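First, one chain by itself: the form predicted on its own, in structure tokens.
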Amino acid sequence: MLDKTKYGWWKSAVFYQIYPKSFQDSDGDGIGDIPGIIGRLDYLAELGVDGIWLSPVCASPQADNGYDISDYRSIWPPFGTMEDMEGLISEAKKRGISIIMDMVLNHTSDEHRWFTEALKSKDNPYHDYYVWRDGEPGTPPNDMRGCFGGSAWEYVPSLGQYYFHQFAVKQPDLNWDNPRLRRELYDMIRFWVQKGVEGFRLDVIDSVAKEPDRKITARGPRLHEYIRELSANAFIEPGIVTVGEAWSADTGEAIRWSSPDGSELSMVFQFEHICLDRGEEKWDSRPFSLPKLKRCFERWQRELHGKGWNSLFLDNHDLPRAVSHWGDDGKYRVESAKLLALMLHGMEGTPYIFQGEEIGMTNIRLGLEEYEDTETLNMIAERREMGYSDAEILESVHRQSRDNARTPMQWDDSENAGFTTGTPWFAVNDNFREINVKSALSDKNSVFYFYKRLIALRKEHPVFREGDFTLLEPEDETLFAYIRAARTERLLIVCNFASEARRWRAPAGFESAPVLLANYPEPEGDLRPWEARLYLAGEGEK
């Protein structure tokens, strides 16, 4: 078991993200909850994960599924009580699993007490907790648009002012220039640390130093000043792990965020690889290019080595399902799900598994009127106004909607996939009878047991944590192969991103190296469709 009192323990860890609303319902109301999570902790312990990234559970009107917090110090009632949360922290810790809370520090709900006070008067002390500009109705301060569509400014007639919201109208942005606000946030984080929380994932933290008058929403001039102050005042214990979500991060910024001196955060959660096949907007796509993906991963691996620390992920609550987006979710679903796991977990960084990824859950295909996500619904309305056909819109939704990741967890082949005895808050994917945990646990060749073995290997071999990175065949259109080397160990990962077999011979130094893990039986000779192998060479094979 990892010693989590020591700085850097997360470099040997694997985290598992839970989207509480869709994980496990314990009381039949159709909404996942904290007691439901507690009831599944043994499953996560069996998988071997070291921590749970828990998407927001704080009180919220749910305009953006919990990322609009109305009270940082209480639990949304459908999820349970504070006693339930304390029980989750305690029961997880007994199994060696840390709770990493998802904390939204860039904005609140418009129903938060701070904002309701801010609306009362320009002279109210809480007014300056948010970003305001004077203006006239119909003439916002500038033409900035919110990430979910529409203007980023909302007019309040009683004040004669606009407030800034980078996301939904019901998510007013906080004003980090106000030191009193920052102290309140630090005190709130300490509240959760005292309850036993061992880390925080910080939602869009690269936006807190925004300067909307200059149209700057990310990486504002005071960003690193604020993050260093946050770290010094809120993340005092050496074992606290902090993950900064930063869509704007490049490798240089990531090194500053995650410097080994611990002055800012433990690691960065960046999205460059996610955006490679997107067009000008996330809903438009570009052709997938494996060489571009390989060069992206190579740059992050090489430039952060020894200088910073990265998160490793393909899936999360904001993204489509990895096996549907990156792999083949039809004939080769199992093989490609394992390949993606091996490709990612072989790299330097801390891996994150999103609920259901470990059993190969796929995107869902619904009609336009059946989706729930506010971003998706806004896009549908906007593109209809722009003249897109419903068929064109539906293609984009099926490919990119955040709702793909938010369907209920598929536990078994019973009604509603074992998620709830009631009516689920969102549609269950109709492939649950084939793809579910019960089936995975009964099959020793399942995606689940591949993940379990991979997690165990990362703990057994320091090369995963310490090795440098060498990319092989950078321009090959279907082969992703790389070497990690550290001290007396070298590992080789090879992945065939194609539905056809291809010729393969291990490179020099690995001709006689054993295959430690593979997604096909008898892994030797040429590569089969979507085949992936891990070779491990010791000092004697060099």
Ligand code: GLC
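All residue numbers refer to positions in the sequence shown, first residue = 1. Owing to the predicted nature of the structure, the values given are computational and were not obtained by experimental measurement.
Just so it is clear, the following notes concern the form predicted in complex with alpha-D-glucopyranose, a form of the same protein that is not shown.
- Contact with alpha-D-glucopyranose in the model of the complex, defined as a heavy atom within 4.5 Å, holds for exactly one of 207, 404, 242, 171, namely 171.
- Only one of the listed residues (309, 235, 148, 326) places a non-hydrogen atom within 4.5 angstroms of alpha-D-glucopyranose in the model of the complex, and that residue is 148.
- Note that among 335-343, 458-466, 109-117, 311-319, the stretch whose heavy atoms approach alpha-D-glucopyranose to within 4.5 Å in the model of the complex is 311-319.
- Under a 4.5 angstroms non-hydrogen atom cutoff, alpha-D-glucopyranose in the model of the complex lacks residue 489 among its neighbouring residues.
- Within 4.5 Å of any heavy atom of alpha-D-glucopyranose in the model of the complex lies no heavy atom of residue 264.
- Proximity of residue 203 to alpha-D-glucopyranose in the model of the complex: non-hydrogen atoms within 4.5 Å are present.
- When contacts are judged by a 4.5 Å heavy atom cut-off, residue 167 counts as touching alpha-D-glucopyranose in the model of the complex.
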